[in-house]
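Two separate entries follow, structure 1 and structure 2, each one form of the same protein chain as structure tokens.
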Structure 1
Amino acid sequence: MSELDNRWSLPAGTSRASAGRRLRTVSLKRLKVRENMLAYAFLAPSLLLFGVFMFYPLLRSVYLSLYSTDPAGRVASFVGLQNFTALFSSGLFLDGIRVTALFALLTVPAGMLLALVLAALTHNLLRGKRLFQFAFSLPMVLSVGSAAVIWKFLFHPSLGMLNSGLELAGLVPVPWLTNPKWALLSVSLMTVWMNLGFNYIVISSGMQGIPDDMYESAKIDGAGPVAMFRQITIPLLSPTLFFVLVVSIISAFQSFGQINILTQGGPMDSTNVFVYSIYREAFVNFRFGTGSAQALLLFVVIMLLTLVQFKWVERKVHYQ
């Protein structure tokens, strides 16, 4: 046998088929490693941003929640869980959660119901449909700061358009932002309007995904608009409504900008939602330990609420 034949000869007991399978296995493993490296290379910028702006602040909050800080905000001494016990003993945590839960009850159902009604009214509209869709989606393009400044002028006790309209109607002007009975309701009104654009776009898109054949079959069977909306639209729209519900509750518990601009947590802490309490505790009073403890408790509350919704509320969702 020549030297060339010896070079390419197979080991004893090895067939050409098994050698080919072994080569294909090695090639597939190398290809998989290359694909994984390429995937991680594409994910690297996102992971870097998440690490800098999410994971590191979370770990830093855990660290600061176990320490006390001096008036300059510097870490002073290790206190363990005293920051958490102080929150519960002072009632700061319970008061913040109470106001935030009431704020969520005022904004989430009203915002979803209003968006659902508007989406249903414009779904089968023939003339001016694009104009109404544009008008109802317009609040989405405004930032929280811009929207809050606009509504602050509307809520002005003497120059605001809302009280001017009430006076023209012969009604008594309302102290929108200066009375504890009206302040949270006023901020909730502005929040419902501000979130209307997002809720309307999502719910309207969900309605457009429902096949028209189902409505035509229901019409043939003699079903009216109310029956079709209750028996067809709501069940098939339930995944979209569930998504809007989860996002709206999380957004309500994280609301800050409109509170900071309109009321600064007042009057008499009637609008002191949990996030604004964290801001005031950490960046106004420079008690970063207590503020970090509040932030971690808020994270736990939002996580539990989300898990509860996925555990029980999702059972009512009808996926196609």
Structure 2
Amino acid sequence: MSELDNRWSLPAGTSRASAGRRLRTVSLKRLKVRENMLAYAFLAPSLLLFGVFMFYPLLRSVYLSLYSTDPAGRVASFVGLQNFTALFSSGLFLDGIRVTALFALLTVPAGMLLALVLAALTHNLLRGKRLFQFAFSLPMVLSVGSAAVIWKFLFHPSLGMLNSGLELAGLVPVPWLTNPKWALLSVSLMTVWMNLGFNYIVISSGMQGIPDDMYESAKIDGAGPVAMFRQITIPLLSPTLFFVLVVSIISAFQSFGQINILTQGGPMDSTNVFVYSIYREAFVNFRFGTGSAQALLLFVVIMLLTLVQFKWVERKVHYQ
């Protein structure tokens, strides 16, 4: 600002006002550039990180997706859009999307509902509240890797604890991970459990943010607990629920660790979610071309999905 004053005072001695006006606009333009530069300087560190870890890999993926690679992963020759057409014609793309969508469908609603119910039940608890809160958020402290290894033992076809429990109860043991009909369900079960900690913490803290006087006045108006839950808790919790929904869907689309450890995409590709098939194509079979093509398609799918969420689902969200 002080600089602007200086410039303004310079032409004060001259008689023509129009010259002063011109000078003023020039200096304003300069000022704007200067301000922008400053903004970019502040943005530089994050732009650099984004550039190195996002934009460069993205451009590189586009480049790789148009080439074929030799068995050691070195670029071999230009193939145009062949990698993309191969994905569609071999069904790799549609199968991957189908399994991933199914996986999201099995994990997201169940995980959110379970966390919501548990949070609602513990919210008004007078005794042992801390204990239950601690127990329900516990899965969060485990990494995907260790959680998956634990569940692998539980799911073990002949020595697993789940099957021996079923046998004790006189039921038929379940081929948890070895039967294509069960495998995705088993992995989803484990994922729901694993995500419960995070969902529970976010939802119950969202519940704590709802002011008590609302409940009190509702109670005076004669509302029962179910009505209060439906008319007050859910609408006021909707921003939190929306957040959990978006994050859950993204994490469902990103799931990799538990699948790599529990099933490796098998049996019969029944758990071969999209990210896992990208991994297999690129880093096991060393076909970076098709791998990159798959990654770009996933990018498009997720962009559309997120767009839908923000455009339609967010309308139902009630911001206070």
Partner chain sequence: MKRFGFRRLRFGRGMILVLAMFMAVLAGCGGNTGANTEATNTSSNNESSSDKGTDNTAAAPVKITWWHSMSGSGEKAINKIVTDFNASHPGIQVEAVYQGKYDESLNKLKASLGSNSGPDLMQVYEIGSKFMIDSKMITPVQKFIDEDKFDLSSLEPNIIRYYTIGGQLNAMPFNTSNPILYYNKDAFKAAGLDPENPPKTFEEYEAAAKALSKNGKPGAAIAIYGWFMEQLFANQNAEYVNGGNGRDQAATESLLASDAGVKTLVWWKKMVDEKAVANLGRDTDDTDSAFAAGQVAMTLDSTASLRKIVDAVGGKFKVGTGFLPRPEGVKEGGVVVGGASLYIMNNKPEEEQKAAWEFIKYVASPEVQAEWSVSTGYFPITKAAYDQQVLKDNVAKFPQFQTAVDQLHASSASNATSGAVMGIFPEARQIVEGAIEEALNGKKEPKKALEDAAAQITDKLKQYNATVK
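Think of the rigid core as the biggest set of C-alphas that the two forms share within 1.5 Å after superposition. Remember, predicted model here, so these are calculated numbers, not experimental data. Each residue is numbered by where it sits in the sequence of structure 1, with counting from 1.
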The form predicted together with the partner chain? Structure 2
Hinge residue among 284, 59, 137, 171 (rigid parts rotating between structures 1 and 2) | 59
Rotational displacement of the smaller rigid part between structures 1 and 2, which moves against the larger, in degrees = 17
How much does the C-alpha of residue 34 move between structures 1 and 2, in Å, given a rigid core overlay?
-> 10.1
How many angstrom apart are the two C-alpha positions of residue 50 between structures 1 and 2, if you fit on the rigid core?
-> 3.5
